[in-house]
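Same chain, two versions here, written out as structure tokens and called structure 1 and structure 2.
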Structure 1
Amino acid sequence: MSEGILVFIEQRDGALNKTSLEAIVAAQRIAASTGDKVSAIVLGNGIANVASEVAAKKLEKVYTLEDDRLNEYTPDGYVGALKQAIEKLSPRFVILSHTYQVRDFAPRLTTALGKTFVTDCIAVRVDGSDVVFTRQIFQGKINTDVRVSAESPVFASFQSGSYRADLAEAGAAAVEPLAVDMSGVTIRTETEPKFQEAKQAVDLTQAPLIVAVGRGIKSQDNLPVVQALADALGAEIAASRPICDNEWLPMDRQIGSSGQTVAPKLYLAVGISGAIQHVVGMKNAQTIVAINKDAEAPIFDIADYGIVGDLFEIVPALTEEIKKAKG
């Protein structure tokens, strides 16, 4: 059996991680030029709904791996199951989203298989007979192309927001169970309550609307001004690093190279200058709106819409207009 391109689908408690749809788009882009067929694989228990959701995309098949040892994510379980699956399916490429989970297990998986792993890509193209992956280096300041001459399968993970999930081509794929033998897999990890279930923890990568605040807010006492705007929009509030370093907002709200990387439909940057360390975490948002009193602020270089002015005048007015529009 041989599959051209295999996409790893991440799920948690039966809910699809939407970044996996972005990975499908990347795989479909490759296949459009190479003629390879694209399939997907889902691991876990009770994953029928996830498999059905993925099967609505243009794929050859959606493979399901169900086993009691895969009920909770563990690197041992995922590596043991995926190693067998990949050896059975023999894909040319394995495409993944560059999530925390993938960063945990994928290096071990590729090492166990003796294969090449190109991480944190932002784009891919086909140049003649080569599939060329684009990665960013020096905190996003330089793009570099990676051509892999190693034996297949080649693994590649894509940064959140590299492709738009809503551009995944629709289809009707068959769902097929794939049997693996987990009896020889030792699970050395004892799972504890998930981090995201802790008080205040938030996964901003799944948020469609984000209002982010920077140093321009001046004081923690002024945060309610921006929180009111986020509430009016139904958005999550986020921040640049200085805000979180000062403990004005918890660290799980930080966007940037040392925080979360997001790609929402709307990213509204309030009082954020646009340092490269912050920009690498949000530049792939579908629409970026910036509010800053400095007309030369770097954030305006990437913003789709910019408002130059005092945020303490603009944000309350914008909040009121949104409330009126919503009735």
Structure 2
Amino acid sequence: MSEGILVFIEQRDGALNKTSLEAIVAAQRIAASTGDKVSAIVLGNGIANVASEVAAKKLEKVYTLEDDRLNEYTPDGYVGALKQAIEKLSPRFVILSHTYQVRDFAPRLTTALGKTFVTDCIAVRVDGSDVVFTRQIFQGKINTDVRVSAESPVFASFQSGSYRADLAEAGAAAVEPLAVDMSGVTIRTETEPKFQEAKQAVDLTQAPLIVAVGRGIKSQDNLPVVQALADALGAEIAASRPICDNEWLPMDRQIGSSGQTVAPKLYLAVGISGAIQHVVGMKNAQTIVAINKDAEAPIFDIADYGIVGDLFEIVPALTEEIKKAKG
């Protein structure tokens, strides 16, 4: 009989990925309705610090799974180890955060186990004997409630920022090593050292004011329009992914899941539609202003001030007005 909720804890080089704490909060929310006990599992080598950091949360147990074959993350190593751990622990739910690492191995794991996996959820509620997950489709334009009719364990991953890590209930969990047999696990991936493309010249996380530009700018030749606004405000310029892909601005100016995550005082989004990959990187800004020609653009869902119109008319007018205001 399956019981309990197991949370996958992600670590890189012995450092905890903070979104794992958000996953603990999601699990604690489910547990509050179902009465399940929540445990966590950490994989790797030299993970004692991560395990004890997580053990300070209200959890039944923190399982550690240490093996030489887990020194470096590989999908084969993680699938091989977690498959055995999950078969042994037989939880009702396995909760993960929807990180790039989870996206790299979890669908293989759930397929190997023959289980269903609800990815990239933003909320969860318990409805009688069922659990209903909320996930976004069409890049955040539409929400769906997803009902699962599958044998446990049910797997679900949560989008970064869906729950607040600081709301994880505190406690004192026992850390317990879990033995699995990795001798039959073949690691096919050869890894090379991780690297950053260009030295992050700009640390946008420290900028109080950010003017960000997206596809709506149409061409690199038009960038000075937005740069002038940033200059007038004394703001850093940033961009959504397509702009950096086109190399119109360097990659260290990119905001979003593959770029930097920021929470400035002001985030002024120019010609950015607000795809979810961008929004996760800036939704915690104190004040969000969006200028976009499409009134239905999802960026307006999170904006404090919205301007529907042609950026090529509005941005220059705004630049002038700011210059005037600043004297």
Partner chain sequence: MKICVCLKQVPKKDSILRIAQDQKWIDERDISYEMSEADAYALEEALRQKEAHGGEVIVISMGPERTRQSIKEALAKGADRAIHLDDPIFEQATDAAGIGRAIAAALKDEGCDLIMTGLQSDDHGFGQVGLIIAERLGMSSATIVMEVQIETGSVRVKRELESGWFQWVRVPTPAVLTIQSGINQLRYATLKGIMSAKKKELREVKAADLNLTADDLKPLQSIERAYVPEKSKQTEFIEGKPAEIAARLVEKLRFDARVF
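Just so we're on the same page, rigid core means the largest C-alpha set that superposes within 1.5 Å between forms. Fair warning: this is a prediction, and the values are worked out from it, not measured in the lab. Along the sequence of structure 1, residues get numbers from 1 upward.
Asker: Looking at both forms of the chain, which one is the form predicted on its own?
Answerer: The chain shown first - structure 1 - is the form that fits the description.
Asker: Does the C-alpha of N246 move 2 Å or more between structures 1 and 2 once the rigid core is lined up?
Answerer: Yes, the C-alpha position differs by at least 2 Å between structures 1 and 2.
Asker: How about Q227 - superposed on the rigid core, does its CA move between structures 1 and 2 by 2 Å or more?
Answerer: The answer is yes; the displacement is at least 2 Å.
Asker: Taking the rigid core as reference, does the Cα of K58 move 2 Å or more between structures 1 and 2?
Answerer: Result for K58: no, shift under 2 Å.
Asker: So with the rigid core superposed, the C-alpha of V279 shifts by how many Å between structures 1 and 2?
Answerer: A shift of 3.5 Å at the C-alpha.
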